[in-house]
Structure formats: C-alpha cells, structure tokens
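Only one chain is shown below, in structure tokens, and it's the form predicted on its own.
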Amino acid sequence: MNRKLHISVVALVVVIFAFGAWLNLRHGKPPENGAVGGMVVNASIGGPFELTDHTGARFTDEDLAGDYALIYFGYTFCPDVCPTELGEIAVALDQLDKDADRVRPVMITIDPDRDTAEVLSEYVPLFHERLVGLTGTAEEVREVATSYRVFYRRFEDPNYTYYLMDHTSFVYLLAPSGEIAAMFRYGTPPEDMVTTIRQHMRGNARG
C-alpha cells in the first residue's frame, strides 16, 4: 500500500474511532467486553531499552525517568485495535488536564520492518502531539517486547493486501521509578485509566 495513502486511511480511522470514544464518554456507555481498570502487577515486567524515536534520535528508558508513562505496543498498519487504544490514551491525557504534563505517552512498534522513524513521524501526531513513537532493529524490538512480556507475530489475512501483526494489547503504566505500576486491558475506559494514574500520583506524593 502506498505510504501516503496508508497515512490518509489511518487518519480517517482515527477520526472514526475518536468520535466513537467521544460518544461512549458522553453517554457513559460501559465497554462491551467488561474490561476493568488498572491491574495489579506482581510479575517482573519491563526494564532497560534503547530504541529510536520518531524524530530519528536514540531513546532509552532513562528518557522516561522521573515521569509516569503510558506505554503501548502496536503498529501503524493495524486496522482497528491500535488506533482504538491510542485514541483512548489521548482521551485519558486530555482528561488528566494539568496532570498530563507528568505522563509521557509512548507507542513501541512491533513491526519495525515497515514502521521506520519517518513513518512514525507522520502517524503519532494523528493521536496526540506528545505521543512518542519508538522503533529499532528487529532484535532491539524483540528484546524490549520480551522484557514487557509482549507476544507478537506476523500473519497473512486474505481480507487485506498487506500482512497484519497479531499481538498482545495492554497499556502499561510506568512509574517514575521505572517500575510497572499497573496494566490496562484492551477496552479500559479512559476515565478508569485517569483514576488509576491519579491514585498512583497521590500515593507517591504521600510517600
């Protein structure tokens, strides 16, 4: 698929899903899959990484130190799940208001062959001006995905002219310490993300 056409299609998908998210929030519609808010994390997840951001600069876990971060693993050719989750993250940041300055939104691609820094630079601003897109070599992406226990694989779908990626779809809340504070299932409403994030912020403030 032509890259400019792909970006145009993604932009249309973003508008559609953003409108849907707005309607859900306006009418208080609960998620159909019964998703809950932040999940308590007992396992060791995450760790150091070094990737390339959508501006072409090297980006490491140390660039997130001192801030909260919402980290999502996805890819730009994703037709549905990824645009939905990135749109929900954008809504959550808007709802956080001034507290959003303390939260870094990050998307790490699991499709580095197609998701170059140039492609990400056109994709991530469609969702939020502060969203950071990260890519790297196949090995760099595999290492960070493994540390976050993210499963992904390439597969062919006869309904599409290009390959798709099957992948885990969680949003990770990273604490300023670098540890995973919570995980959000696919479909978690933005207001639930906001509640969990503010709970952690208040807890750290008391500490």
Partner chain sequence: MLKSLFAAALLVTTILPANGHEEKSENFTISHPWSRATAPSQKVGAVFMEIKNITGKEDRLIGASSPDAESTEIHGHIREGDIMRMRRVDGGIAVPANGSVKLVPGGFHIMLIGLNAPLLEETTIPLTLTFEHAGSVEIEAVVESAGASRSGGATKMEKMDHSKGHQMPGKSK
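Positions refer to the first chain, counted from 1. Every value quoted in this text rests on a predicted model; they were computed, and no experiment measured them.
The form predicted together with its partner chain exists for this protein as well; it is not shown, and the discussion that follows is about that form.
Relative to its partner chain in the model of the complex, residues Gly46, Asp53 and Arg142 are all farther than 4.5 Å at every heavy atom.
When its partner chain is considered in the model of the complex, Asp166 lines it closely, a heavy atom lying within 4.5 Å. Of the heavy atoms in Val81, some are within 4.5 Å of its partner chain in the model of the complex. Contact check for Phe170: a non-hydrogen atom falls within 4.5 Å of its partner chain in the model of the complex. Not displayed here, its partner chain is kept clear of Arg198 by more than 4.5 Å at the level of heavy atoms in the model of the complex.
The single contact residue among Leu131, Val119, Val103, Ile71, judged by any heavy atom lying within 4.5 Å of its partner chain in the model of the complex, is Val119. The candidate stretches are 153 to 161, 54 to 62, 134 to 142, 174 to 182, and the one lying within 4.5 Å of its partner chain in the model of the complex by heavy atoms is 153 to 161.
Using a 4.5 Å cut-off on any heavy atom, the residues of 182 to 198 that reach its partner chain in the model of the complex are, in sequence order, Arg185, Tyr186, Glu191.
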